[in-house]
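Before any questions on how it binds or moves, here is one chain, the form predicted alone, in structure tokens.
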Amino acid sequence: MQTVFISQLKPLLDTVASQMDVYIPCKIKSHFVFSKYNSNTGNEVELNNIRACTPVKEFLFPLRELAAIFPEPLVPKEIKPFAIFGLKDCDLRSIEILDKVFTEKDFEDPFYINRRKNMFIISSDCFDPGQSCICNLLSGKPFAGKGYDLNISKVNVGFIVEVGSEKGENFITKNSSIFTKAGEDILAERENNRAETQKQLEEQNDEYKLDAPVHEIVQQSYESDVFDQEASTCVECQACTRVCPTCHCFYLYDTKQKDYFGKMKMWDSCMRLSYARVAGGENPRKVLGDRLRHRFMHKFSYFLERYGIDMCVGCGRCVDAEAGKVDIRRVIKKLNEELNVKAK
């Protein structure tokens, strides 16, 4: 796979935008949100140092969509190729998790698959992660290792562009005129930058180091009172699951239109009171602490058992969004400390 260099991002994005829609992170105060790229503005694009506050799942698994209609079958509409720029390693790992859910044999979601195959991923290195980022504690890194078509790394004189797929290779080959060779000196600079960012993450998360893998800590803490204690400030806003890039629960509801009946699919949240309610009105998780426990068990135990990976990528979005200040880092740390006390 090729590794090339470009001095500015605009020629790259203009070239991509001539072939498909492109969405880029735009800064609003201290946060980044995705916005459609307009090549006519003439403004130089700002490379996001940290992941956007909105999850990439919005592009693949919309908040609300029509899933079926009656009496005629619903055929997924054609999705034109589109590109997402500035995704981080945590975003790519979240897509890998969603792929396992929505492309699983016998449970394939044609709407998700249709969008996924038309998605062109341009990821980028983190170079100043936020205080809530804990990817290094959950097998992540501040730079992408796989799952991208192109990856961007910022260096003093421009940007290194690394190819990660056949789609990316074809793009670089067809548009080779906008790139030059990446010299050994800037490749060495990239490695130094990555090492510095990794060090920054390790230093800021030193207090959250654990004595065992997260899934072991959570599995052994099922009966812990920590869940009830930490849920005491929860206001059931459900922000933790809304901004989570891997939460994928949804519910279906019926709607009547003029000439057809439709079944809508909409995001759901395991932190919602009625989420686990069954026929007859019974609810095994009426208590907030029980719902918080379920969320952690799903993230670190149930999903791992089924698919072989944790369902948390350590992006820290839930920490930033929580109105009730339920901090995933603090919960896991308390569970870890509680187990250490019991072991003595």
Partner chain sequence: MNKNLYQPVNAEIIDIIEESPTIKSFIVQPQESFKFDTGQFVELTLPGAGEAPFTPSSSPAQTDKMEITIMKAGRVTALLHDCNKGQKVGIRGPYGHGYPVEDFVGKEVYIVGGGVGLAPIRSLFLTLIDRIKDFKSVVCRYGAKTPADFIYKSMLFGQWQKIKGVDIKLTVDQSNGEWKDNIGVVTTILSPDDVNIENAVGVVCGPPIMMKFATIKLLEFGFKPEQIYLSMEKNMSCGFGKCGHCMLGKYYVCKDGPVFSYDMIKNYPNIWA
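All values derive from a computational prediction rather than experimental measurement. Positions refer to the first chain, counted from 1.
Another form, the form predicted together with its partner chain, is not on view; read the next lines as being about it.
(request) Decide whether Thr54 counts as a contact residue for its partner chain in the predicted complex under a heavy atom distance cut-off of 4.5 Å. (result) Thr54: no, not in contact with its partner chain in the predicted complex.
(request) Indicate whether its partner chain has at least one heavy atom within 4.5 Å of a heavy atom of Asp109 in the predicted complex. (result) Output for Asp109 is yes: heavy atoms within 4.5 Å of its partner chain.
(message) Taking its partner chain as it sits in the predicted complex, is Lys209 in contact with it (heavy atom to heavy atom, 4.5 Å or less)?
(response) Contact check for Lys209: no, nothing within 4.5 Å of its partner chain in the predicted complex.
(message) Please determine whether Pro213 contacts its partner chain in the predicted complex, using a 4.5 Å cut-off between heavy atoms.
(response) Pro213: no, not in contact with its partner chain in the predicted complex.
(request) Quick one: from Arg242, Arg190, Lys141, Lys265, grab the residue that has a heavy atom within 4.5 Å of its partner chain in the predicted complex. (result) Of the candidates Arg242, Arg190, Lys141, Lys265, Lys265 is the one lying within 4.5 Å of its partner chain in the predicted complex.
(request) Consider the chain as shown here, without its partner, and state which of Lys167, Arg116, Arg272, Arg194 has a heavy atom within 4.5 Å of its partner chain in the predicted complex. (result) That would be Arg272.
(request) Just one of 121-129, 178-186, 152-160, 96-104 has residues with a heavy atom within 4.5 Å of its partner chain in the predicted complex, so point it out. (result) This holds for exactly one stretch, 96-104.
(message) With its partner chain taken in the predicted complex, which residues across 211-225 come within 4.5 angstroms through any non-hydrogen atom?
(response) Stretch hits: a single one, Tyr222.
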